[in-house]
Structure formats: C-alpha cells, structure tokens
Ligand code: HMG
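The data below hold one chain only, encoded as structure tokens and taken in the form predicted alone.
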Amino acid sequence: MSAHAAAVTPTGIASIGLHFPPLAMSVEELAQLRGEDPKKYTLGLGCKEMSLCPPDYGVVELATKAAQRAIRRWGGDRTRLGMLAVGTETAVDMSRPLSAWVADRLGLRGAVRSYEVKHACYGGTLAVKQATEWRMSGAAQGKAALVIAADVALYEQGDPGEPTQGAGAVAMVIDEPNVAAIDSMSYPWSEPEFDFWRPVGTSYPLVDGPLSLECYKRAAENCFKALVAKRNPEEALSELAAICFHVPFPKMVKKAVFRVGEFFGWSPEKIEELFRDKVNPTMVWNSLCGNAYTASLWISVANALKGLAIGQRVAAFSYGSGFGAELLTLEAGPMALAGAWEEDIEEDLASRQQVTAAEYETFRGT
C-alpha cells in the first residue's frame, strides 16, 4: 500500500454492539435504603437506574457479549480482525490484559494485536484513536480492529458516588465507515491530577469530588476551545447534530456545558438551549445504565448516531481522571439511519431484572 493510499484509507465505525448487565435498580430504591430524598438522586444528579452485575457476571461477560453483537452485525470475515483493544478500568489481572479473556471466548487468535488500554474513563477513546490511526497509517494492511469499552462501576456502600454507579459495554468494529467516519483531527487536553484514583489492592475508588468536577469542566472548556478555534462558536456548534459527553452523571455534563457556554460568552438561555437540543437527548441510555466508565461516552455516541442521515456530524468529549481528555468528531455513514444496534439496548432493558433494596444488600455482602 502506498503512503498516499494509506493516508486516505476510509476509516471509522463499521458496526456497533452494546450490552447492559442483567440486573438494575432504581435510584429511588437506593434513596429509600440510604434514607435520602429521592430527588437528590433524580433531580440533583439526573440519574434514573443503575445497571448491576450479579456475582457470577462481570466485565469479561459484558465485553464479550457486546463484541459478539458488533461482529455479527459487521458480518465480515473474522480473519480480517488484526487488532483487539479493550479500554477498561475494571482490571481482571495486573499483567494479563482483559483482551486475552475476551479473545479466548471469541476464538480470536493468531495474527492479532491484542491488548488493554488504561486511562480511567478515557481508555475506550484511546483504544478507538489507536485503532483508527493504525488503519489510517496503512499499518493495518486492510485489516479491521475490534475495540471494546467495558466497565463495572461500584462504590462503597453509602458513598456519595453510589447512586451514579453502573455497568455496560460498547464494542465497535473499526473498518469501513458504514456507521460513522471518525475525523483524524481531534483535540486533546491533559493535566496530572489526583481527582479520582484507585490504588493497587483497594476495592473502591478514591474521589476528590470538587476537584474532579473542576478538572472535567476545565478539560471541556479547553477541548471545545480548540475545536472552535477562530470560528464563531455558535456557527461551529450549530453544524453538529449532537454533542456527546462522558457521563459520570447527567448533571455533571450539564455543568460542563455551562462552563463551555460561559467561556464563549453566551447567555444562560442560549446555553440551556444547547444542552436541551444537542446534549441531553444523547444521555437517555446513560440515565438507564449509570456510569459505565470507559463505555459511558460511547453509549452516548451510539445513541446519538442512530437515526442520523449521511453526513450529519457528532462531537464526542471523552474524559478520564488523572486527567486526560479528548474531543473527537464523527460523521454519520449510510448505516447510521437504521441504528440497528438500538435492538441491543431494547433486548437488555426488556430482559433485565429489577433488584430490591434487600436483594441489593444481599449481593453487596451486607
């Protein structure tokens, strides 16, 4: 393949598969258990339900199921998969990558680059970027990549983050941009901070809530500033059909949107309109899932892409504590309109079991 051919290799999302685990609990149920006003969770945080994994079900099962759905929908020859990259912060082992567990269940072996990517919630986006750049460089030699973002987010019982917890997985085959082309130009921003971290040997994350919110908002401001550059902000953002964010919880996203709008000098009314029309609709599935860390942004992106006409554009803001962030843009392809992956969510929501407070306490070990 010539250097010129490599530079113009059509690359993007060829198929999407999603998976939510088989259990869920309403945040109202949790509020009753914790003696809190339910509105603190529903209105204060913007949450509705938490996806939960039973004891015998975890990140490997989530990632594998999403991958199976993406591969089936892709319909390509599995021998064309030359890369398997899994973004996660739910590590199964400190050495063996999560991709090895998934590859074993999928029967992928041989000439495949297989590895795990870690950077808190930003890991899935880094895996997507690596896969797209691998193809665009020509190094893929025509092969496709399977990228998975999968996580189980659990907090210590009674922790302020407990109502935001969740679990889920998104798998994407990076190949021909049938669902969406991914622009090679993106806008990163990073600063080393201890806003959210989990030391080796600890079961739950440590969080500096105010710092984490400030880092998230600052990253959004700088990434959108780079995207807009010297253009009129209103004109630049009006070209986007949807604006997706990493969703720790919906109200955190709204705070970041207001930070961006205030930076551009917009009125509160104009910022609210932007949030209502282009951001809030993308978080419908997130509110029914809870924070799924690396998968969170891509659940929102999958929601935003369904139903779009060819050429409509979407922005995707990724954030991972520590911290690193990146803003990507995607352009809908011919298969976006049908949004076939919506059936994954419909199937999982229809089949999952609602957990009571007593059942929740039992499987959390209390």
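Source: prediction; values computed, not measured. Numbers for residues come from their place in the sequence shown, where the first is 1.
Omitted from view is the form predicted in complex with the ligand, to which the following refers.
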Inset, instruction - Name the stretch: of 288 to 296, 94 to 102, 185 to 193, 79 to 87, exactly one has residues whose heavy atoms fall within 4.5 Å of the ligand in the model of the complex. - result: 288 to 296
Inset, instruction - State yes or no: in the model of the complex, is some non-hydrogen atom of R276 no more than 4.5 angstroms from a non-hydrogen atom of the ligand? - result: no
Inset, instruction - Please run the contact check for T132 against the ligand in the model of the complex: heavy atoms, 4.5 angstroms, yes or no? - result: no
Inset, instruction - May I ask you to check whether R231 falls inside a 4.5 Å heavy atom distance of the ligand in the model of the complex? - result: no
Inset, instruction - May I ask you to check whether Y155 falls inside a 4.5 Å heavy atom distance of the ligand in the model of the complex? - result: yes
Inset, instruction - Could you work out which of P334, G307, P54, G44 is the residue within 4.5 angstroms of the ligand in the model of the complex, going by heavy atoms? - result: G44
Inset, instruction - Work out which of P281, G75, G209, P268 lies within 4.5 Å of the ligand in the model of the complex, going by heavy atoms. - result: G209
Legend entry - Contacts with the ligand in the model of the complex, stretch 331 to 351 (heavy atom within 4.5 Å): none
